[in-house]
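In the form predicted alone, a lone chain appears below as structure tokens.
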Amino acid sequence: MLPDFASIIAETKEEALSCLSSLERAKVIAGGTDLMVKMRSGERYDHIIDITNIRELDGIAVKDGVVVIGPVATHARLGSDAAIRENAPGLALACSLVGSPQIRNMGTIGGNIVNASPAADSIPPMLIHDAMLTLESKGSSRKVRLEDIIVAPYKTSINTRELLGPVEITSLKGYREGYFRVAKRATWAISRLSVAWAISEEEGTFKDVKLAIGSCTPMPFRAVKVEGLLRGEKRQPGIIAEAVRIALEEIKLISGIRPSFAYKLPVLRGILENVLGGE
């Protein structure tokens, strides 16, 4: 059962920012697929500010190789949008795998970011696209990298007076890009392991590698050590084996040894070998 709260439907971004500035214990809602669960579990707010109808927080646009995504864009929309499929196919695929059709039609990219789940499907693909977030409060705004905003499982450094604005990702045209996840069921399930990658190659040499892993560590992370190792190297078994070893060791260093690693790490090893090997 939900606790009592006052509901406000904001029609403009300025109205939402004004409410966040003046009201105590206020929380923004768009799709609500995460927030409603938390509130049923006891999380309490005096005011819920609905931003679903704010047009300037919706939309998808591409300019000079940068894709700008409104925070209330749904997973269903991102999964089918032509601009996302062309410029960030891994993100499109990840969004198309989120939950059930009902969840995809309600849940938003902004909600996925703010909820900061270690298993969020959209986070690893956005990490490899160097996502930048705009955070606005009444009278000010700031830009911050996605990887810097998530500070712990289900926790961000977003101020309670701030509203998430546009999400900007860099297009990776010309890269071999993808997303793969492991879940208990094909749909309606939370990811147990996820990998997003984008690889640029020339004549069998890694020109650039971007790799992000989710659901293995407290927060999804960019495997920058692996990226640096592979950049400029020939794609051959020895260097791929070393890259996989480093990735697995980094996960253990971040998370310690967990019981789930008995099946997760061998599966991840196989995924990374296939991805880096070009399969």
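In this text the structure is predicted, and so the values were computed from the model without any measurement. One rule holds for the numbers: they count along the sequence shown, beginning at 1.
What follows is about the form predicted in complex with a small molecule, which we do not show.
Figure note: of the listed segments 142 to 150, 85 to 93, 155 to 163, 193 to 201, the one touching the small molecule in the predicted complex, with heavy atoms no more than 4.5 Å away, is 155 to 163.
Using a 4.5 Å cut-off to the small molecule in the predicted complex, not one of 215, 218 and 251 places a heavy atom inside that distance.
Interface residue remark: residue 76 is not counted as part of the site for the small molecule in the predicted complex, having no heavy atom within 4.5 Å. Residue 34 belongs to the set of residues with a heavy atom inside 4.5 Å of the small molecule in the predicted complex.
Contact annotation for residue 244: none of its heavy atoms lies within 4.5 Å of the small molecule in the predicted complex. In the predicted complex, the small molecule stays beyond 4.5 Å of every heavy atom belonging to residue 226. Listed residues 67, 39, 230, 29 were compared with the small molecule in the predicted complex; 29 is the one with a heavy atom within 4.5 Å.
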